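Both blocks below hold the same protein chain, though in two forms, and each is given as structure tokens: structure 1 and structure 2.
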Structure 1
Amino acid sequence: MSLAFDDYGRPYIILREQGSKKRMKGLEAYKSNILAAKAIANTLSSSLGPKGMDKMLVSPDGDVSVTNDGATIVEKMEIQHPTAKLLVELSQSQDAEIGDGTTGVVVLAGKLLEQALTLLDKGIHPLKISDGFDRACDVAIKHLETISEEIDIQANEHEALIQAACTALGSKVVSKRKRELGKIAVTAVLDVADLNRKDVNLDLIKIQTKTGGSVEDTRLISGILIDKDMSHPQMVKEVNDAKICLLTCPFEPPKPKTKHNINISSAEDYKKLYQQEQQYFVDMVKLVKDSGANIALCQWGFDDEANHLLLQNNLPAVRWVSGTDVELIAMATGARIIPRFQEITPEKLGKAGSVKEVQFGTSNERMLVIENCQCTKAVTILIRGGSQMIVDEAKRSIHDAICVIRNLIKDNRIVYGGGSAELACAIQVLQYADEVSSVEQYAIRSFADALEGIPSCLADNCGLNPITSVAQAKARQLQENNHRIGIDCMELGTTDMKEQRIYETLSSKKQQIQLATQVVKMILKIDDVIAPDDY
């Protein structure tokens, strides 16, 4: 610590921060990084599978979340260790690219790191381990493509898509209603999908939550639902053949940018000011009416004066519509977003079959439904639930199911679940290891052991004996040459995942293995860590 003076002679203290930092090098750094990342993976491992446990997360504000969605858990955990944060990014990248499998990818990375730690203790160089894992990953990915099957997503009223959605929803809080929610998710995606281009614009699926009722009351609305009502209780509740004026300017007199004062010295001045304000409102309403619009949606608010005038002129209006809703309505109805009243023209209006106010429960809560939109088939999934926590978790679950269906439409190849795909890859990787004569053979074998860790974890979470279950499944895969044998988590009496109809998309499984391998390789290449003392 030393004292110095600035240009004005004011003293300030220079602290030597380097002394308060600690440095780890070599094997100590590898082990510290691996143990930190493993701790995160171990936390998530109990959430894997259809009978995985949920985690309760309490924020600093006291907000409580109950979830078993991997990406949500790691995002809300307050993680300090920089290497452990890599697993947070790993889960988020799986979520961004695929939307499902966020827990599995972190658990797989944890199993790989566990194996890497054993290899480091044997004295194998980290780069040799990385190279071995890389080669094993390539073998596993090629084998996944070999054992994948193409499914007909159109057949039997899209039964394949519903089953994929059920697999995604099976491990969630809402698993009791997975079939009904799966059908809702499939219908929503097919309504907005372009099957010729194999493309789905998820922006056109709005997920709206509302506490009250139960999860069974969740329904699909063919249109856009916004959590607003008409600005005046006496306005009409339904507008048919709606011509929508989308405004991003408020219904109020203009305000000067600078500070201003108005001196009113007589009643005449006050009346003039009042008339001028009235004229502003009259002109605004007239501009909207003249364009042919029969409903106005405004991103900003308007005061009681404007509200009264809108009612007098029979112009239903909605205020404080959120920016995302404004964009979605513009896309669906063909409306142009209008920033100034002077720019309103008939060509900029959006068209919809109807705009109506609907009411829920006994609490007099109202929402607006915009149906039969002109341009695109936008849909809304209205999620109901007994508490905010259930509603939030249902929203996350349905998002995962929607992403799985989107992925199947883009690429209709699947692999079977229940740990069967990982076991099949592990067997293939072990066979490949026998052909490798270099030190990487040990790392390749360890990669196979890590893959076996996934079915082992599934069995453990379902109350089965993990060692016995994995050994039996592995033996049957080899004897019968059947890559569909996995862990019977639901105890249905068969371990053939085709009979149980448990499968997931090939793209999700490939992404999981590749991402986990990449992150482990990155962690194994860090041999020097300089960090504050308190981490």
Structure 2
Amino acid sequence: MSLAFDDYGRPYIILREQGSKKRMKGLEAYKSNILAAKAIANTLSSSLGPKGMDKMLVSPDGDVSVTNDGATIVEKMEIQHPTAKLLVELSQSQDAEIGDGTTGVVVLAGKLLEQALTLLDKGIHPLKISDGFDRACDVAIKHLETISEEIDIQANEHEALIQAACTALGSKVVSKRKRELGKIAVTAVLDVADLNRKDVNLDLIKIQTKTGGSVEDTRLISGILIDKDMSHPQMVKEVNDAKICLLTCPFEPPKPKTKHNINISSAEDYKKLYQQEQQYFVDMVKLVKDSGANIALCQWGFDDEANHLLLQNNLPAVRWVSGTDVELIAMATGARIIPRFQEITPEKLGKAGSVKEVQFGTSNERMLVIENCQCTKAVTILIRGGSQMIVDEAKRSIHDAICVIRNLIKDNRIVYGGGSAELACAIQVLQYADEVSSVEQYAIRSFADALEGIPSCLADNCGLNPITSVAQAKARQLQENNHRIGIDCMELGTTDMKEQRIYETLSSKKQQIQLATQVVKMILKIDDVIAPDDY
């Protein structure tokens, strides 16, 4: 189509090198885009819900990972289709903003696109569809807020938080231990949370993995675990009442940043220089020792001689501690990070109950645990499991749970899960549709259908009949005016999600619907795709 003819019938080219480019226009472009995006959503839809299945992903280098986390799946699929990539970003932005619900958001977008496709077939203009979706989205969000409930996160030993964490963990491979892991996550978040500001700095929760044992052996360490051992094999392995000196300068003679040369021109100079070098080490260790520190953690390496002097002075030390760990330790122990030996003073030392080396399994791997820190502002979750894949998946799951808890601390409003919130919104949107007199009415109605797609997908994954169970749930919501009726995924005998205690955060649900609608609107606006041929 990119060929045009001038007045004399000669063709001229509008698009340069059009032979080497591919181009799609109009309805063809819409449909191609929608189909590609739907393909992704279809892949993810079987991962939704507590009975959802996992995906096995093989990386270009042949590494295997098994996961249930939407964001991870789409990231590792290495998608190349441009529109499908939008869904990848959608899932990732949900991950970045909320941390949970990454599968749900893609599935919802898929359902919306499915509806859009039938509307396009009816001949409705894409912009009308997107307008309608937009209005429906507003209605749904408003309704979500009215049905949301505030929960008391403090009550009953944070029971509500644990339940919410369990909901998030319920769909993962670790679901067997969801309550234990949920509790670990809640304790971890509460330990580091600033309840006055309602904020949680997730950097303070370190998640360390170690294969071996089983998922049950996962535990919370109210301190910091670092994957390092003492710099000299003969240093003491345990320090009680540790006074920690955190250094970011190496135990080596200083290296000035300006380029310089020291010229040795005589034997005296040589000797003097040697003495000076020796003095450096002695001074360094003395400065640390004099401050009263009984353990030194350093971001850099040690010279052999310095290392031995440390041992001789009974000063255990750790080298090559990573930058993030140094910061964490500083926060947890109240230590100040000291960039120069001259600046070591007793008040800058951090305090911890104990620092000790622990060993795992038969392979000779040791880690350092810093416990009972002065200000327990940092915690570590040590994840164990039978293989690397399980440990990795457990790490992702715990991350999700932690995010949910953080969101609840920020905003303690919840909606009920099990597809009940979507159903309630669908009913509301459907009512609204009838009040709209323009073409958008159809789009709004379709939006409601798409929302119903979520509970139907849930039911499908659990082996229930999707149409019957959604119809029943919807009818009961209307009859009993109870927005908490959803899909009984776990076959517990009740469809009231309040009784099943399936909590989801309002912020996550809101974000899901908004983000999905936005992406769908964006896809609907594309009417021309130009790509290089060999892409």
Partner chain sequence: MDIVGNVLPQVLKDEATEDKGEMARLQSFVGAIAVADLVKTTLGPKGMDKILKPTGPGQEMTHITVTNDGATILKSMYVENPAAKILIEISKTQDEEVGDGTTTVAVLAGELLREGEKLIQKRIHPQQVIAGWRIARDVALKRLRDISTENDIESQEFHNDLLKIARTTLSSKLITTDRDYFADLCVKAVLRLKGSSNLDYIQIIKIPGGTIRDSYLDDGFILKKQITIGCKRRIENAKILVANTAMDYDKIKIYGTKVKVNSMDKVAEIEAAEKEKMKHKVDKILQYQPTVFVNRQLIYNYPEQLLADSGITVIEHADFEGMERVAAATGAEILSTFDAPERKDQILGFCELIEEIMIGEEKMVKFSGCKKNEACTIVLRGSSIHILDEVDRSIHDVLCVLITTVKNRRVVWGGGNSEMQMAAACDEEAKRVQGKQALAIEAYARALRQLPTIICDNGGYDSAELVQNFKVELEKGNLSYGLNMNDGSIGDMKELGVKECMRVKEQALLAASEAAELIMRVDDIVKCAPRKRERA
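Note that the rigid core is defined as the largest set of C-alphas that superpose within 1.5 Å between two forms. Numbers given to residues start at 1 and step along the sequence of structure 1. Remember, predicted model here, so these are calculated numbers, not experimental data.
Sort out for me whether 1 or 2 is the form predicted alone.
Pick structure 1 here.
Core-aligned, is the CA shift for D304 between the two structures 2 angstroms or more?
Moves: yes, 2 Å or greater.
Is the shift of K122 between the two structures large enough to count as movement, that is, does its C-alpha move by 2 Å or more after the core is superposed?
No; K122 is a residue whose C-alpha shifts by less than 2 Å between the two structures when the cores are overlaid.
Core superposition between the two structures, C-alpha change of T167 at least 2 Å:
Comparing the forms between the two structures, which are aligned on their rigid core, T167 does not shift its C-alpha by 2 Å or more.
Could the core-superposed CA displacement of A330 between the two structures be given in angstrom, to one decimal?
Its C-alpha position differs by 3.3 Å.
Core-fitted comparison between the two structures - CA shift at I344, Å:
Comparing the two forms, I344 shifts 5.5 Å at C-alpha.
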